[in-house]
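Take a look at this one chain, the form predicted alone, written out in structure tokens.
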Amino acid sequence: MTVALSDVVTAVLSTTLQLSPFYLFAGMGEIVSEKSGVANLGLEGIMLMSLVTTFIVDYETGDPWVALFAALAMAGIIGAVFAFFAIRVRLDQIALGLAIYLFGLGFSFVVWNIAYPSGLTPGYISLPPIFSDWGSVPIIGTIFLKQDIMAYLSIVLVVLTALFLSRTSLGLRVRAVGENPKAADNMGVNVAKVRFLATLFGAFMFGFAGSYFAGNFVPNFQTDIIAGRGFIVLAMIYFANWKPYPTLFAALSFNLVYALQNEYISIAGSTVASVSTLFNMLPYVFLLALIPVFGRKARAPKFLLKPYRKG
């Protein structure tokens, strides 16, 4: 079977852009949270709960926007619980994050089976492309104009996050409480409040990521369907040295390799079926190989994972 090079390039770039918002929403949320000194390692648990909420609410209402807001509400509730115990109670953030992850992993499965005990697998009614009338434009239409609004919002989010952290007083406070909370406290900054808001923002972004995953990665819910991609987000942040634009580069690079191997398997078909699992490892190996190269100068916020006691 002969496939035109232009068709391959179009398919690869379209897939790259389609998959990137999941990592961008989650990445920007985790960057802001970690810049304040709070690492939410339970991000994948929050994504799973947001994902299952999206599927159920979307199926019951037939409205993907209602499903999105329901997913954000779920993420906000779990994020607030995490923030309370991590910041107010000062529990170990790593242990708490793993608890949130395991909770999301198990409870999403329980909720799904309670909602649909007969094994029903309702699909997701995706958000429509906002430039659907222009989607027929060759190459450009397929790559750029057939994405839904979340894809464009994720790019805008990267820019806004970079501006927020570098150009706003609240962004300065976020960075200050992550680097030296005692000094920030002495300057009149409410450390607990800033950390709580940063952590809650991160949770909402995980909600966006989970909801986007439902509409663009999988046709219906399955146990642990996110399959460790939340931890890939953490690796991207380290690779990017906690900076928004390098995180965008990391997400696009990872998804480009993923799209290339996926397209190759699709074209080759049965000739690579026996080693398709090895090909599926390529994006992860690629990201791991880049970490020693670009992550050598990575420096986490000084008070990341460290609770702050006033006084």
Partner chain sequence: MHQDTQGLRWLRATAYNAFAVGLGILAGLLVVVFAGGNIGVALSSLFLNPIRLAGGVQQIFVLFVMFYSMALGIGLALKAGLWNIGAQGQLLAGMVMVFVAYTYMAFLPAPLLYAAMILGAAIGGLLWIAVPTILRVKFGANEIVVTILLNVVAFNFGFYMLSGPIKSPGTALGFPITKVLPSTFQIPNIVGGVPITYAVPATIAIGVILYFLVERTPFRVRANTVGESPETARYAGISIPRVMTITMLTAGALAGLAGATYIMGYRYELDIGSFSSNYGLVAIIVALVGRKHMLGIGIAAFFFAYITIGAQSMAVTVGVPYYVEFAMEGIMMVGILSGAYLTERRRTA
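In this text, all values refer to a predicted model and were calculated from it rather than measured experimentally. Residue numbers count along the first chain shown, from 1.
Although it is not shown, the form predicted together with the partner chain is what the next lines describe.
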item	value
is_contact(residue 94, the partner chain) in the predicted bound form, heavy atom dist at most 4.5 Å	yes
Residue contact check: residue 220 to the partner chain in the predicted bound form, 4.5 Å heavy atom	no
The partner chain contact at residue 267 in the predicted bound form, heavy atom, 4.5 Å	no
Contact test in the predicted bound form: residue 193 vs the partner chain, heavy atoms, 4.5 Å	no
Contact segment among 230-238, 167-175, 71-79, 194-202, judged by heavy atoms lying within 4.5 Å of the partner chain in the predicted bound form	230-238
Interface residue in the predicted bound form among 105, 162, 151, 127, criterion: non-hydrogen atom within 4.5 angstroms of the partner chain	105
Residues in 37-76 close to the partner chain in the predicted bound form, defined by a heavy atom within 4.5 Å, in order	41
